[in-house]
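Let's start with one chain on its own, the form predicted on its own, as structure tokens.
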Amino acid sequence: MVNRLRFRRASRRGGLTHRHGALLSTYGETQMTHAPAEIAIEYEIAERSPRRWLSTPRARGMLLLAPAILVAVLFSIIPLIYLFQVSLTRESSFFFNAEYTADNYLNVFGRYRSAIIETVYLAGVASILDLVLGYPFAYILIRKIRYREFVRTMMTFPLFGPLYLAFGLFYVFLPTGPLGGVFVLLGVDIAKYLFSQAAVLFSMAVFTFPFMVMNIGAALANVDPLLEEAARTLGAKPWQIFTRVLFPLSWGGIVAGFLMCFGWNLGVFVQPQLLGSPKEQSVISLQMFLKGLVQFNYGLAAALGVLLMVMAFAVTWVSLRFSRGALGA
């Protein structure tokens, strides 16, 4: 500090200025002398503005990311750690005198194996229905429909929530519902489908249908229509155009849409509760509700939650890997 002050005073009296490690004298004949490295470094540090680091792109980026990182840590990372800690305790002992055990995970993969299989089965079949019905709808939406923005807006109605969708379908499936007369004329006993697997799968497919259409539509929008015309002029039939042109070029959107629908359907809760039989009501999410809020077995409920979280994270990661930007589109 003393050397720095002496150097500054000498520079003021002698009219010295610092230029790239050299001292230039303004009195008399111009003469260049090299300053010691330590004095030059101290001088540079002393002249540096204390807020200069805020002007760098990296510092500005960190400041912009700070609120998002804080929210993620407080409302995502910490609760997940807390959930995993609860899953290692016996029943509700975590809130009193914690008894740590791994029996919860043994029960999950033993006693509740059928619940895991039922959850994966319902999610997979509903996603296949979305794919079968969503691909032609997405193709028509991208290639044929002029007012596609209006159709996309109408497709957002199922996204308002599965609760509204399940209640609406429950009312439709009633014999005295708004379509009861139509089903009677068609000779369809719609009441037998009210508490069945078919009703659950249909409601799950309707809820996630927009996700499939959006992903496949984003992939098809990047396929040049001239490729289809070229294949058609070369004598290719419609099914050959689909298998050799459209399907390979839209493969990323297909996989991303299927995995996104599958991930959403893994956490299905309302549809089996309102429209399903006891078999469909054995899905993981309903088992978490029963164990946690009815039987107060928080340890087992948390273990089921950890399993469901790991499955959802794995599906989401694979979906993002295959989407290659289709999800953002």
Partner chain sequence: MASMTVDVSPHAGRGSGPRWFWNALAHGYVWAWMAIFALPFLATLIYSLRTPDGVWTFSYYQYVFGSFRENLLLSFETTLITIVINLLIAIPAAYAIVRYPIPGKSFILSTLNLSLYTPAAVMGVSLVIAYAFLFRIPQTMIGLIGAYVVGTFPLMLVPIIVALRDLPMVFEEAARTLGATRMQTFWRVELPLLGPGISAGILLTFVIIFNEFLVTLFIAGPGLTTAALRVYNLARTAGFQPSTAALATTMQLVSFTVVLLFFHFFGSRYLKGTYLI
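Residue numbers count along the first chain shown, from 1. Quick caveat, the model's predicted, so the values are computed rather than measured.
Same protein, other form: the form predicted together with the partner chain, not shown, and the subject of what follows.
Out of the listed residues Ile128, Ala191, Ala236, Ala198, Ala236 is the one that sits within 4.5 Å of the partner chain in the model of the complex by at least one heavy atom. Taking a 4.5 Å heavy atom cutoff to the partner chain in the model of the complex, the contact residue among Gly187, Pro136, Gly110, Pro248 is Pro136. By the criterion of a heavy atom within 4.5 Å, Val120 is excluded from the residues contacting the partner chain in the model of the complex. Within 4.5 Å of some heavy atom of the partner chain in the model of the complex lies at least one heavy atom of Gly168. In the model of the complex, at least one heavy atom of Met214 sits within 4.5 Å of a heavy atom of the partner chain.
Under a 4.5 angstroms non-hydrogen atom cutoff, the partner chain in the model of the complex has Val71 among its neighbouring residues. Only one listed stretch (249 to 257, 157 to 165, 101 to 109, 120 to 128) carries heavy atoms within 4.5 Å of the partner chain in the model of the complex, and that stretch is 157 to 165.
Contact annotation for 222 to 242: residues with any non-hydrogen atom within 4.5 angstroms of the partner chain in the model of the complex are Pro225, Glu228, Glu229, Arg232, Ala236, Pro238, listed in sequence order.
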